[in-house]
Structures are given as structure tokens and as C-alpha cells.
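Taking the form predicted on its own, here's one chain by itself in C-alpha cells.
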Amino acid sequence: MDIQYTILGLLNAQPLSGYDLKKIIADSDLFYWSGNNNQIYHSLVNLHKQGLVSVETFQQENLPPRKLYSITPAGEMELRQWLLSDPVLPEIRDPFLIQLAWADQLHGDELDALLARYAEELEMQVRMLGQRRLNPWYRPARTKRETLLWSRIEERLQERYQQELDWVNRLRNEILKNP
């Protein structure tokens, strides 16, 4: 994920501080980011230097100054150009599949325990995303179409975990039938 476009998209919805951006990204399944928080601030500095965001500083009593970032017209154009670019297929890099590729070395009960732990994690994600859909943590809703898009994105994230859960449960049953 290119963090700069995520930041531009979030700022296109509303002005945010670096802390706000960090929290939204950290709490998100959609905005998965494997980098560290300094990269978010570094990206904000770069976006500001490029004229894609503006920054307004507010003094706070007994706290460090608060910087509020907003997207500029040039940032809106950059975001729009990116939105019009060719879509990228999802990466399918699944560490669990690699782990599973060598799992024949495990005893039957060990393999089942591994699959059961994975299924538990998936079940928890499905439940968590279901709750999040009822009480969205972040969902711009400036238009009906935007509301629909965000609703379907949340639905898709939950479906992905549910599909993975269904798959691992089928695998467990197959292994139990064919030890």
C-alpha cells in the first residue's frame, strides 16, 4: 500500500492531525500498513513539500502544538490521477500457507491444533469485523455512493476472513477423514 495515497484519501474526507491519521491507519483492516509511525509523519512532510497538503499549527495549553493537515487542490488532482490509474491485483502472500506446506511433519493432533488455533483467530476476526460494521470506526458518508462503497468494502473484508475460515474448517474435516 502506498501510504501517501492513503493519507491523501483520508485528508480528502476531512482535515486530520498526524496522530489522527496514525490512529485511523493502526485501527484499520483496510488501511493495512506494515511500516512504522515515523513513515506516516515522513510522508506528511513529503506531501507538504510537494504542495499536496497544507498544514495549520494550533498552540495547545500544556501540550505540544497540534498540526492539522488538509489536502490542497494539487493533492486532490494527484489523488484523482491515482484513482484513474490501472487497478493492482491483490497480493497473495500468505505465511500460513507456507507454514501449512511443511505441516505434514506434525502428528495428527499437532496439525489439528494448529488448524484449530488458526480457525479461532479467523472466527475472532469475522466477529470483530461484524461488530465494526455495526459501529463503524471510520466511514466517510458524504454521498450515498460513498456510503455504499464503504459498506461494501467492510463487507468484503469480513467475507475474506469468513471464506478463509470456511476453507480451514473444510481442510480440518478432510484431514480427520483421511489421517
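Numbers for residues come from their place in the sequence shown, where the first is 1. The structure displayed is predicted, hence computed values, not measured ones.
There is also a form predicted in complex with another copy of the chain; it is not shown, and the following applies to it.
- Heavy atoms of no residue among Lys23, Thr72 and Leu134 are located within 4.5 Å of another copy of the chain in the model of the complex.
- None of the heavy atoms of Tyr19 is located within 4.5 Å of another copy of the chain in the model of the complex.
- Contact check for Leu47: no non-hydrogen atom falls within 4.5 Å of another copy of the chain in the model of the complex.
- With a 4.5 Å cutoff on heavy atoms, Met77 does not count as touching another copy of the chain in the model of the complex; it lies far away.
- Although the partner is absent here, Gln125 lies within 4.5 Å of another copy of the chain in the model of the complex, judged by heavy atoms.
- Residues Leu84, Ser85, Asp86, Pro87, Val88, Leu89, Pro90, Glu91, Ile92, Arg93, Asp94, Pro95, Phe96, Leu97, Ile98, Gln99, Leu100, Ala101, Trp102, Ala103, Asp104, Gln105, Leu106, His107 are the members of 84 to 107 with a non-hydrogen atom no more than 4.5 angstroms from another copy of the chain in the model of the complex.
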